[in-house]
Structures are given as C-alpha cells and as structure tokens.
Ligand SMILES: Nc1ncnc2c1ncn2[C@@H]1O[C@H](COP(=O)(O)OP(=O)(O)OP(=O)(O)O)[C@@H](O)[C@H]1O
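This document opens with one chain alone, in structure tokens, the form predicted on its own.
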C-alpha cells in the first residue's frame, strides 16, 4: 500500500512537471542548491521559491525588495525564465546609473538628428525589451517626471522616441527591484502613488544572509565549485567555517562570494585572517592555521592540533566563559566541555 502511494506521488510530480513544460515553463523541481541560479534551502528561501513559481506564469508586475547583495537580479531572472516570455529578451537596467539628462533618451530612444550628438538612430530600453522582460533595478532612483511618462507607456498609451512622430506601444513585463523603502518615498513625494501601485502588484522579499545562516555552508560549497572546479583548495577548518556562519555579512551574498573568490585566487586560508581583520577583529585575535610544525603529523593529528589552538584561544579571550565560547564557535556547551577534557585544556 505504501509503495502504491509512493508511486502515485511520484506520478503526480512527473505529471505536474510535464504540464509546466508543455506550457513553456521550466521544471519546478528544486535542485540540490535551490531554484535556478538562486542558492538556498532554508525555510525562507523555499517560501520565496513557491511565490516565484506562482507568479512567473502571469504578466503581473513584480517588485523585488531586499538589501544590497541579496541576489535580486537572480530572482528577477528566475521569474523571467519560468514564465512564458523566457524565449524573449531579459533586459536589466540600473536606474541609478543613468544621468538625469539622459534618462528619457535611454528609455525611449531617439532618431538621428534629434539633438546634438545624435548621429544615428538608437533604440531605447522599451523597444529593446519588447515582448520580453524589463528589469528595473534601483527603481526608486527614477525621477517623478520620468515616472509619469513610463506609466503612460506601460499602461497602453505608448511613447515617442526623441525626434520622432511615431507612437510605439511596447508589450513588456516589468520587474523592479530596490533596497529602499518605496512607501516612505511615496509619502515624501519622491514616487507617485500610481507608479508605485503599477510596479508593486506582487512583492517578493529577499532575506539578508544573516536571516538564513543555515544557507551559508551551501553557498560556500556552491562558490567553491564555481571558483575551484578541480577541488585543489584545502578544506576549510570547522572553526573557520563556524566564524563564517556567525558573521553578519552586511554585504550579503555578494560579500560572501568575493571572500570565497579571494580564497580561491590566493590558494591559502590566511585570506580569512585578512577578512576578519578588516572587520576590526585584529590580526592577532585569530590563532595561526596549521604551519610547518604540523607537517610531520597526519591529517587527523594536524586538525586536532589546530582545533586545540582554536579552543584555547577563544577560552582565554573570553575568560573561560564556556557558554559564550560555545555560542561563538557554533557548538553546544556539552560538546565544548568534552573537547576541553579531550585536549586537557586548563585555565592558567
């Protein structure tokens, strides 16, 4: 009976997968890492994947919010690739990187001779992304005047390239992203309410890395496979990994990726000493990694010596407050006490 139920469950998954594929959508089945290019298997990320899979087949505008470095563009690409426009353009635009006097020409394009320097016709973002998805990153940086013109274009009235009399009516999906509080921006007059409601049909929130620490080892593994495909790097010691998991990561996933990339480039673990030193820890506050004196030991013995130095360092630094040390190292107090006995560590 159990086998029959399991078979039915398997057939249901396969049927749903075929239904999505026949509708032109990618498979909803998660990978070992996450969804598409997004990495994470924490509860918060699984809730995000469910929402992405629900909204992707529609034409609804999506507003992705979250701190800098949380992967908002990856989420936007996932929505696009899982939707019916996946075969058409996905155009990312950094709204904060466009000078104010060029915003209109960049979005709407222009004709040759429209202004000084317009030597050729140029298509704007709306024309390039026609039939596809326009991803507007840092949407809060678009000025109110341009918001009016964009809203008119997106609502069906179209737009006119500079120097042209032809009205173009784009058929595009808008996905926006911001790390700002847009409701506060609306209250302060920096964003029109009608423009806000137009782009914020379905909100997606990307949690910062500190709110999903259980994903950090998975992200590290993902970046190690990316930057060290031949697996030539030494294994990251457990205590160092614990410090990485407990760091708050103000730069989020982008910061973690840069750290692992630097580790892969330098081929040595002291990259992490530099990492923590830059955050005010100090060079002498981290015990040395295994050195020449450990070369005569086998791997197990060398790692034990390193673990012993790590434990003694943090015990002395925290005046033998075992609760605090256990919390910092990411282990329970009973495990810490067992290791103290194992290495015969004594308070001096």
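Positions refer to the first chain, counted from 1. Not measured: the values here are computed from a predicted model.
The form predicted together with the ligand is left out here; the points below concern that form.
Interface membership of residue 253, defined by any non-hydrogen atom within 4.5 Å of the ligand in the predicted complex, is confirmed.
Residue contact check for residue 68: one or more of its heavy atoms lie within 4.5 Å of the ligand in the predicted complex.
Remark: residue 73 counts among the residues lining the ligand in the predicted complex, judged by a heavy atom distance of 4.5 Å or less. Among heavy atoms of residue 125, none comes within 4.5 Å of the ligand in the predicted complex. Listed residues 37, 316, 54, 47 were compared with the ligand in the predicted complex; 37 is the one with a heavy atom within 4.5 Å. Contact with the ligand in the predicted complex, defined as a heavy atom within 4.5 Å, holds for exactly one of 198, 111, 247, 222, namely 222. Screening 73-81, 139-147, 233-241, 181-189 for residues having heavy atoms within 4.5 Å of the ligand in the predicted complex returns a single hit, 73-81.
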